[in-house]
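A single chain comes next, written as structure tokens; it is the form predicted on its own.
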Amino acid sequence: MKRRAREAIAGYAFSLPILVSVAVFTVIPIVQAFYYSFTDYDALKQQIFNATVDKVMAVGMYLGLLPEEVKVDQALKSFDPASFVESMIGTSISKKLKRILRKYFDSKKLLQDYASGRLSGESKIGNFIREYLKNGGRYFEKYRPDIIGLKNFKWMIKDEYFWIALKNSFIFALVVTPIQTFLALILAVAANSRVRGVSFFKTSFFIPAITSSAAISMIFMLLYSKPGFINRTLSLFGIQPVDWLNNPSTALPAVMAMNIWTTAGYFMVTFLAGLQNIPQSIIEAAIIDGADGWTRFWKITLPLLKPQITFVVTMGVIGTLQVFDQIYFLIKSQENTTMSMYIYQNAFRYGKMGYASALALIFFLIILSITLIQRKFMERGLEAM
């Protein structure tokens, strides 16, 4: 038992760094995204209570009066603490925080301190507010998003750009996945043949899979530009230059073509591993029985590649639905954006982290459902072959 315990402790000790990494970088973000999808979390407001403010200037600018000109009882009638805090911060605050301020903020004490000259110096906005709050100060220690229930999901139904991005993601997956799978299979069959230069052939098609996506995107940006190689080649045949990436009708197909070229080599290796695991005796027996090349491929090779086909199609669907980096570098039109890009825009460009989390949650459920359904149909189709 002691030996088993030592082995167990050693095993957990070796796996602990991976388990911690998965928890920190995968599990915790997923849980946070799920929580934020039901809130109005705005990333741009994260530091609103940490900014520094000159207290005398803030009150003076709000009242429009010098300290010696203030009559506390008269100024108190028009002083709104929620409006004061919003003007001091420079952004709107939630209804909940406004209610707390109007109920618990000691406006009279603040005006008395201003008029008597006791209000001086600079401080953080959060500390300044809590100094005059009778209750609820914890809500001004740091930014806390309000829970808004299903509002993000209801807004999603009305958001036309959500439907545009979702449609583009589906089109991308439906076009790219079959083509890259078929091309990868053809390349694998060719690479598995015993011809001269096959090693160079394998390397040439696999290089794009290990090259930086940013570097490839920059290269294709030059190729697709108006004075680029593609338009120069087309001009030899009298075809006018096409603005491939700025034209909404050609931008997405252009990125699809690049994606197919970069991923086919990666999946080629997967199919190549499967082809090399097929026993040569089965192929030789089929040849002796008189089966031609097409029959051997359709009746023997393809069914034996069932695990690889399922893997490639599954990963292809997930990868194409989640495509982001190439869209980020090459696509400028909102008409051609995909779901991953739209989630990024809402989170980091518009600051709507709550809405972006809701988009990510729905997109996760869509990908999960499609993957499970696709795997089920794939297995049935391959069993019927």
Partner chain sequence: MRSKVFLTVILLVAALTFSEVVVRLGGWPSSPVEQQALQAAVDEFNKEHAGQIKIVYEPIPGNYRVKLTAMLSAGNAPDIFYLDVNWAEEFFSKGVIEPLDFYIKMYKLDLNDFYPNLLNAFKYKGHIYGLPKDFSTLVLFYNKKMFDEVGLPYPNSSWTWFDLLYAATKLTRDTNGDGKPDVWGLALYPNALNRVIPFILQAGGEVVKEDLSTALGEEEAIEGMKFYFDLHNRWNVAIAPSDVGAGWLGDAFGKQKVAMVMSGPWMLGFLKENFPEVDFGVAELPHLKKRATMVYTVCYAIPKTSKHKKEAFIAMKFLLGKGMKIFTEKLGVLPSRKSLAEKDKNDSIKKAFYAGVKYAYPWKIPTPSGISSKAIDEINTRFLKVWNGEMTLDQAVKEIIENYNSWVR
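Positions refer to the first chain, counted from 1. Just so it is clear, the structure is predicted and the values come from calculations on it, not from any experiment. Rigid core here is just the name for the largest C-alpha set that superposes within 1.5 Å across the two forms.
In what follows, reference is made to the form predicted together with the partner chain, a form of this protein that is not presented.
Put simply, of L304, V72, L183, M88 only one has a heavy atom within 4.5 Å of the partner chain in the predicted complex, and it is M88.
Among E284, D243, D292, E141, the residue placing a heavy atom within 4.5 Å of the partner chain in the predicted complex is D243. In the predicted complex, at least one heavy atom of K45 sits within 4.5 Å of a heavy atom of the partner chain. In the predicted complex, the partner chain lies within 4.5 Å of some heavy atom of P248.
Mapping the unseen interface onto this chain, K103 falls outside it, with no heavy atom inside 4.5 Å of the partner chain in the predicted complex. When contacts are judged by a 4.5 Å heavy atom cut-off, P227 counts as touching the partner chain in the predicted complex. From the list 275-283, 219-227, 112-120, 296-304, the contact stretch for the partner chain in the predicted complex under a 4.5 Å heavy atom rule is 219-227. Interface residues of 322-346, taken as those with a heavy atom within 4.5 Å of the partner chain in the predicted complex (partner not displayed): Y328, S333, Q334, E335, Y342, Y344, Q345, in sequence order. When the rigid core is held fixed, the Cα atom of Q322 travels less than 2 angstroms between the shown form and the other one. After superposing the rigid core, the C-alpha of S120 moves by 2 Å or more between the shown form and the other one.
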